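Next up: a single chain in structure tokens, the form predicted on its own.
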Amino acid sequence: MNAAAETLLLRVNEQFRAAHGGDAALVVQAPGRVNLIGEHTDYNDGYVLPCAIGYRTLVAARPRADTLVRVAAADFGGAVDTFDLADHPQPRAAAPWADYVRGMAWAMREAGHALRGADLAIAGDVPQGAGLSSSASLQVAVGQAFKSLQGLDALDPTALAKLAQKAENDFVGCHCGIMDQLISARGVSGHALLIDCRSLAASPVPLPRDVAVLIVESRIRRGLVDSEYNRRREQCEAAARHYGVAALRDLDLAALEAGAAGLAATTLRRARHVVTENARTLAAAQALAAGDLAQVGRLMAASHASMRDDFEITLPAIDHLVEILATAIGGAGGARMTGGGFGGCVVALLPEERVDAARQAVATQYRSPAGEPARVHGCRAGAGAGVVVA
């Protein structure tokens, strides 16, 4: 366990003792994620290529004899939320973080899991609002805590991810796809996962040992993502209806262009992004497995251009940040925006030997619209959710 992980474990245990007295029975974790390529394809039954990262949410937990859940959030000043499982938990707008906890408990009970009460404490280091899926990390971690406390061994990682997605869709109200929750639950150390979001089949794709993953926080907090995310999803669904297919995953570019008559120009652009992004994601998985980082970089560049021009979810500062990284990397890798859009992070894949140059370029050439420097994180592909072993 590295120093950052030890610090996080100490913090969640201290929060548990402060809020509940005594020690937790166990501590679980669920990671955030970075998506290497495949943006806004998951809710279109398409393909994505994410990896779990070293930033994660920890939940310290202890069972109760009643149906109360008391949860303390270290990242929000030790704020405590209490709800009764017997009362069918309702959203609590005054504490948005609590809705992810309540929503996960609600989804598990809706699925027939007879949860008992628990004392919980939460601490995480996944940057919030940066596009690294802190919300999915929290939901999966809460689900893992209930699973581990109550011995719900039949609840496999994929089922846990589906419940976390249901909580976000139907309780929190963001109509996300399955990618964030699935990679948090099923991540494989040292690998990205090529996920088929229709079948939920996931194939590990090894990351070459000499390849670095850089996550660069733009310091632009994503302000429009929920409303615009839902709008993009509605546009994609409208396009699928136009073509008479279950989802845009069922189209290739030729079919898209052949049947475009009568489709609004904006909706066509949204659909074109999804169709071409699916093809890029499959090609990128093959190139990464073959160690062809130059091809991966070309596909990442095309992905970013598609998000900018067809899906319209980037911002000028994000585009500039991608250009800085691409120039520093040269043809030996690539960079693109990652996440829902309108701010957040850029991900770069590059040889280890070019990391220092990329960091220096970002430090000297980039400032957010508010004048803030980017934060650059090097990461390794990590494992999915589970019990923490100190």
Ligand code: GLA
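As the structure is a prediction and not an experimental result, all values here were calculated from the model. Note that residue numbering begins at 1 and tracks the sequence as displayed.
Just so it is clear, the following notes concern the form predicted in complex with alpha-D-galactopyranose, a form of the same protein that is not shown.
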In the model of the complex, does F342 come within 4.5 Å of alpha-D-galactopyranose, counting heavy atoms only? no
Given that the partner is absent here, does F83 sit within 4.5 Å of alpha-D-galactopyranose in the model of the complex, heavy atoms only? no
If we define contact as a non-hydrogen atom of the residue within 4.5 angstroms of the partner, is M179 a contact of alpha-D-galactopyranose in the model of the complex? yes
For H40, is any heavy atom within 4.5 Å of alpha-D-galactopyranose in the model of the complex, or not? yes
Option from 322 to 330, 30 to 38, 60 to 68, 344 to 352 whose residues, in the model of the complex, bring a heavy atom within 4.5 Å of alpha-D-galactopyranose: 30 to 38
Consider the chain as shown here, without its partner, and state which of F171, Y243, Y229, W97 has a heavy atom within 4.5 Å of alpha-D-galactopyranose in the model of the complex. Y229
